[in-house]
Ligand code: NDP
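Given next, in structure tokens, is a single chain: the form predicted alone.
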């Protein structure tokens, strides 16, 4: 395919599954994340398995200067981006508004909102008019507020709004902008949310079959490879046993 794909949050979950999916399709891939050891391991795996052309960039999307510096220093032959996948994001805690840790709020907003903005702005001039696609990973939490979701929901509602405004503002450049809103996906997400408590994290997925990262990656791949005149504005994807943010049929 010879497309160049830029994936944030590529060290696990949906981002890693996207890297695998696009590498299998012979794309060139820029993988980014905070964990240098994981990036190196994934880079080696993709190069060995698919003979893929992989560039790894280690930075935290929260750090504006690191984001712009890393993208500014991209080698010349990597400075045309066909697909930007803004996947980096997290949730911290699931506490009532009265009990939340303000530091958790700040980290979620800085990562899920500002991080997406920093990367999108830094990559903007590298996108190809009338060809490129920006895919922002939202959440069902950006469509429905639920109890104890407060600032995480707010951050994903912001992603939804930013995506819609980007679609309007980039219309004249012919750049398509898509939002993918997953429901329950079994990744490191819950382990991070519950700050390493594996028992709490495992309870999230008990009694039903959640989505896998590969399920979401397949959807992202489809949206990224439609004819250039076709744009999926947004798509919500959930497990069969989930009907809304809070409605599950569990065994």
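Since we're looking at a predicted model, the values are computed, not measured. Numbering follows the first chain given and starts at 1.
Same protein, other form: the form predicted in complex with the ligand, not shown, and the subject of what follows.
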Triple contact flag 87, 137 and 192 to the ligand in the model of the complex, non-hydrogen atom at 4.5 angstroms: yes
218, 47, 197, 188: which sits within 4.5 Å of the ligand in the model of the complex by any heavy atom? 188
Taking the ligand in the model of the complex as the reference, which of 26, 209, 41, 35 has a non-hydrogen atom within 4.5 Å? 35
Going by a heavy atom distance of 4.5 Å, is residue 176 a contact of the ligand in the model of the complex? no
Residue 14 versus the ligand, in the model of the complex: is there a non-hydrogen atom within 4.5 Å? yes
Wondering, does residue 61 line up within 4.5 Å of the ligand in the model of the complex on heavy atoms? yes
Decide whether residue 184 counts as a contact residue for the ligand in the model of the complex under a heavy atom distance cut-off of 4.5 Å. yes
Heavy atoms, 4.5 Å, the ligand in the model of the complex: which of 160 to 168, 137 to 145, 122 to 130, 74 to 82 makes the cut? Say which one. 137 to 145
Are there residues in 229 to 251 with a heavy atom within 4.5 Å of the ligand in the model of the complex, and which are they, in order? none
